[in-house]
Every structure is written in C-alpha cells, then in structure tokens.
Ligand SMILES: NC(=O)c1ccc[n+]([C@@H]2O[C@H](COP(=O)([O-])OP(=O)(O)OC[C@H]3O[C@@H](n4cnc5c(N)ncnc54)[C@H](O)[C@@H]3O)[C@@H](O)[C@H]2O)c1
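Read the single chain below, which is given as structure tokens and is the form predicted on its own.
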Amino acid sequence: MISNLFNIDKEIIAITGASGQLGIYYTEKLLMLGAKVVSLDIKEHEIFDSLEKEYPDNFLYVKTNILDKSSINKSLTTIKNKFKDSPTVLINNAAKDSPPESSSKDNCSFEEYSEEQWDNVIDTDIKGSFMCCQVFGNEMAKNKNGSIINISSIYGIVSPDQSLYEYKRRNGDDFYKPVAYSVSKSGMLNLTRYLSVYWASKNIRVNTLTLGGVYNNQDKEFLNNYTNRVPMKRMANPDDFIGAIVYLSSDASKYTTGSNLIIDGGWTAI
C-alpha cells in the first residue's frame, strides 16, 4: 500500500549523540511517529525521564561510549533484551563541532591547530561511527535487513567559508572553522560508499545525510553572515531534516543506498 510507504512503526532506531540538539529532536519526532527509539549517548538528557514515562514500550536510553567497542556491544545486548529484537536503523549522529561561540583554542588557525583537538574530533566523528557500524551493521547483516544513516555536513563536501568569521578576527579572536571537522565529515561520505557496496547483498542500505547549518541562538553577526550566503536566506531548523530521516528509515528508500542527500537551503548549489 502506498499509504504505508513511510511507516516506521516497526523500526527500532538507534541514534548516537542523542542528547544533542538534533538527537533530541529526532528522538521525540520518531517516537511520535510510532518507532521504537534508542538514545545512545555518554550523558543522559533531562528529557529522557519524561520520554520513558510517555513511551515506556518504545523508548530506551542506554549510556554508551561510542569510542569503546565493549560499551557499544553491551548497548546492543541491552537493546535486544528490551525490545526482543535488534535495531533496524542506525543514525550516526554523534559529532564534535566547533560553533562560533566556542573558544579560540578549538577554532584557531590551521597552523596552530593542535594534535589533541584533531584527535578528539576525528575519533568522535569517524572512529565512533566506524565502530557503531561494525557492531550494529554486523547485527543487521545477520538479519539481512537494516538502514544506516551517516550524518555529514556541507563542510564535508565544500570548504568552510572562513569569511563568515571575519568579524570575530577583526575583534581580536583568532577564529577559523577547523580542519578536523571538515575532514571528519568528508570521511563520512566514503564510509557510506564503502559500506553500501560491502553490505548490499545483505539488504542493508547505507546513506549519507548532509546537513546545512542549524539555528541554535548564534550571535546576530554570524546569523547575518550565514543567512546572506544561503539562497533560501535562513539557517536550517531541526524539522527541516526529519522528512529525510523518515524516508531513509522506511521502505520508501528500499532501493536507495550509497547516496548523499543534501539539505542545506541551496548552500552547495552556488
């Protein structure tokens, strides 16, 4: 039935970085749409208690360190014990970013960018996604069913526009969007391509969702600079992405794999 094409009420969706701005939004909306949702994060968000009460049969928070494979394996066991089944969708949403309000230590020039900061970002964004794919993807392969959604950024396919931050440098803040974020997000693209081919025969779809900048109370000058650069003249809101998440989680995308779906208000079209 065409009316059932986007149904996700039989899906068990695991979301990494679930305590962040987008992770919380995805969790709430997917629960409202009938999915079983597992929030994976090293820290528990205050809203999780109320979600457990509202959706006792459909929601689960599992404290998970995605840089520790044993922690991910334990989380998988907890999920199977709760739902008597394995996750059918994995959203690799966890990432370390450096927003405009963060310190110059995290956003200094390329020449001064530290090895420690590089490792922190690359480990979380790439290594964490790699290990979650190993654990959850292997389980999906055994069941011959699953969808993996790797979250990337426009800065994974084009260079950051450093002119957006010129106002901060004029004010004495040595601010540059760092190299590690761009490298990590471009890495998600080929993690997707590799796994989409590797697991194609196992009926596992692997796709990238590339997102533009999301409004989160950034300072006025940054907002003006950013929105003037976007053809649609605004930053994204979390609800701009949920349709794509549902599409990639449902049977509507059953022949979609290895793709990169870009939602950026036209940023990368220029």
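Position 1 is the first residue in the sequence shown; the rest follow in order. Being a predicted model, the structure only gives us computed values, none of them experimental.
This protein has a second form, the form predicted in complex with the named molecule, left out of what is shown; the following refers to that one.
Shown alone here, T27 lies farther than 4.5 Å from the named molecule in the predicted bound form, counting heavy atoms only. Contact check for K53: no non-hydrogen atom falls within 4.5 Å of the named molecule in the predicted bound form. Though the partner is left out of this view, T124 does reach within 4.5 Å of the named molecule in the predicted bound form, counting heavy atoms only. Under a 4.5 angstroms non-hydrogen atom cutoff, the named molecule in the predicted bound form lacks L223 among its neighbouring residues. Of the candidate stretches 110 to 118, 77 to 85, 145 to 153, 159 to 167, only 145 to 153 contains residues with a heavy atom within 4.5 Å of the named molecule in the predicted bound form. In the predicted bound form, the residues of 205 to 226 lying within 4.5 Å of the named molecule by at least one heavy atom are, in order, L211, G212, G213, V214.
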